[in-house]
Structure formats: structure tokens, C-alpha cells
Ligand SMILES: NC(=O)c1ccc[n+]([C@@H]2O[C@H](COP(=O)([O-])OP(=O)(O)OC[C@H]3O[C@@H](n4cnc5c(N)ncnc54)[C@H](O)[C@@H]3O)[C@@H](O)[C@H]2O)c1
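Form predicted alone, single chain, as C-alpha cells, below.
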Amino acid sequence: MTGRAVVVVGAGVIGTRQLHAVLHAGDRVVAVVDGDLDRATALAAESGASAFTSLPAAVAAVGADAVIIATPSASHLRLALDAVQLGCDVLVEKPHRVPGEDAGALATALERTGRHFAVGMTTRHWPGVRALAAALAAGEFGELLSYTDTMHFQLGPDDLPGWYFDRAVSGGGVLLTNGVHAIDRARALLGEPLELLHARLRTVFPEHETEDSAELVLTTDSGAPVLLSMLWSPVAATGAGVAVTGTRGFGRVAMDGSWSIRTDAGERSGPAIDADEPFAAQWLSFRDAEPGFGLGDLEPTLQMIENCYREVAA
């Protein structure tokens, strides 16, 4: 048999997409792990895998080259450390830890074992974000005048599992769930340090324990303003996405993945994408050990999120 042997931990929506991405690439899912054995069994049946309720038991029984962690956020760091200590490479859904946790033991384990570790930042695998990164790196926009990232979503009563709004399980609300993407994208695309100037968090849904709105004002080393806006709303959003304005042109990536770049050198664009597409691209990126998604790459993003929470609490 060929291909990497993979254990998927978490049999929910994201675990299902991760499993499909592995199979699409010609690799093998050998086990699915979930606290609900029936749910693990149902997903495992899609690939002929075995079902377990324990990661160590799964690896001991079937072996694995890699583990994908797609569970609620508060379990990510513990499971990632377990997987590394079991001798596996690890792709963990964002965030790799929740605010207040220390990733030092994981960093030590990675250094000791030499295992490959990556955080699942799917939006950086969108074709439009890739195109925007290349254009920025090539200086196509000229001097950067502004950068905005607006992640606004209409949130219906059943759109997200309830654990997203339980701080003990999620670690935070929209700032952590979506803001981690926005901050990570800005850091990766702009390629220079960002300074947090102001953060404002608010609850929109009275029944939510976590924040539904996060507005961040940052600046680059060169002084360009960076505005990040994340919102879970009862109303359908308009105009969401990433926008770059420069002295020589404009770039935009919408939340459906469609994109356009217009500069004095010409114009190009791309269509909306399927929801599974970035997961397929992400698995290939992980399998090929593409740099830029490791623990050290993502820790500054989590530290900035922690700073936002501290500023608001002060």
C-alpha cells in the first residue's frame, strides 16, 4: 500500500473535510478518533478505517505517519503533544493552543523528535490569497497605503456547535476563531511586524459567553494602517474580504474565495472556490512540509490575540 497513513482526531465537519483531503491526495486514513464512538465509526466507514475513542490506542493498534487534529480548541495543545510523543507528524486545526496555555512542552518535544508540525491556516491556501501574496512580494501595488480584512458572517442558531461560545472549551469567541486567520493572513501577506494599537470586543448575541465582534487597529513598521474586523451577526454581511490599496493599484479577495488584482501593469482575477478546496491544498502543503505554518510562525499571532484580550480586560 502507498501513501501516508493518517489518523484523524475529531469526526465533526472539519474532521470530515480533512479526511476527504487526505483521500483526495491518494493517502490513507487508517483510523478516526472521537469521544463518540458511533460518530467515529460513521466517518471511518468512508475510508475503511478503524474507529477509536483514544489517540494512543489508535496509533498503537494501526500505526500512523501523521495525525490531523480537528477537535474543539481547548484540546488542541494536549492532543498535539500526545501525537508528537507518539512519533507522528501533526497537522492541527487553528488555534494550536488557547489563550493562557504555554506551548513550551510542545516546542521541546518537536525539537527532540524532529517531527513535522503545522497549524491549519486554510485561508492562506486560497488561490486568491496566494495571488495577493505574490503580487505584494513583487511590489506590484507600489507603496502600501492601507490593508483591511473584514471577516463578517451571518450566524444562524445552528451554524456553529455550542462549544464555540463556551470560553472554557473554545478559549475565546470571534477574535480567536476568525481573528486568528485575519492576523495570520496580515502577518504573512505584509511580511513585516505589526503593532497592535487598539482592540475593541463586543457581544452581539446576548446568550453568548464569548465575544461576537472584534475590531483591531494595527500598523506596519512602515506606518501603513491595518484594520481587522471580525463579526458574527444575525444579518447577512456585505463586502467582506481582504483589500489592499497601494499607490499603483488594488487587490481584493472576497470571503467566497473570488479575487481580483488591478494595477497599472494590468488586471487578473479568479472565481469563487469550493469549501473543500483549501483543505485539499493544505494537506498537500503539510505533506510537502511547506514552511510558514509551524509553531514558531503561529505563536506571534496567538500572542497578539492574548494582548487583545488583556487590553480589553484592563
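All residue numbers refer to positions in the sequence shown, first residue = 1. Worth saying up front: this structure is predicted, and the values here are computed from it rather than measured.
Heads up, the form predicted together with the ligand isn't pictured, but that's what we're talking about next.
What stretch, of 21-29, 6-14, 302-310, 289-297, brings heavy atoms to within 4.5 Å of the ligand in the predicted bound form? Among the listed stretches, the partner-contacting one is 6-14.
Just one of Lys94, Arg185, His152, His125 has a heavy atom within 4.5 Å of the ligand in the predicted bound form. Which one? Of the candidates Lys94, Arg185, His152, His125, Lys94 is the one lying within 4.5 Å of the ligand in the predicted bound form.
Could you check which residue among Gly191, Pro234, Gly142, Pro161 gets a heavy atom within 4.5 Å of the ligand in the predicted bound form? Contact with the ligand in the predicted bound form is made by Pro161 alone.
4.5 angstroms heavy atom contact with the ligand in the predicted bound form for Arg39: Output for Arg39 is yes: heavy atoms within 4.5 Å of the ligand.
Spell out, yes or no, whether the shortest heavy atom distance between Ser75 and the ligand in the predicted bound form is within 4.5 Å. Judged by the heavy-atom cut-off of 4.5 Å, Ser75 is in contact with the ligand in the predicted bound form.
Even though the ligand is not shown here, does Thr71 get within 4.5 Å of it in the predicted bound form, heavy atoms only? Thr71: contacts the ligand in the predicted bound form.
Against the ligand in the predicted bound form, would Gly48 count as a contact residue? Criterion: heavy atoms within 4.5 Å. Residue-level check for Gly48: no, no contact with the ligand.
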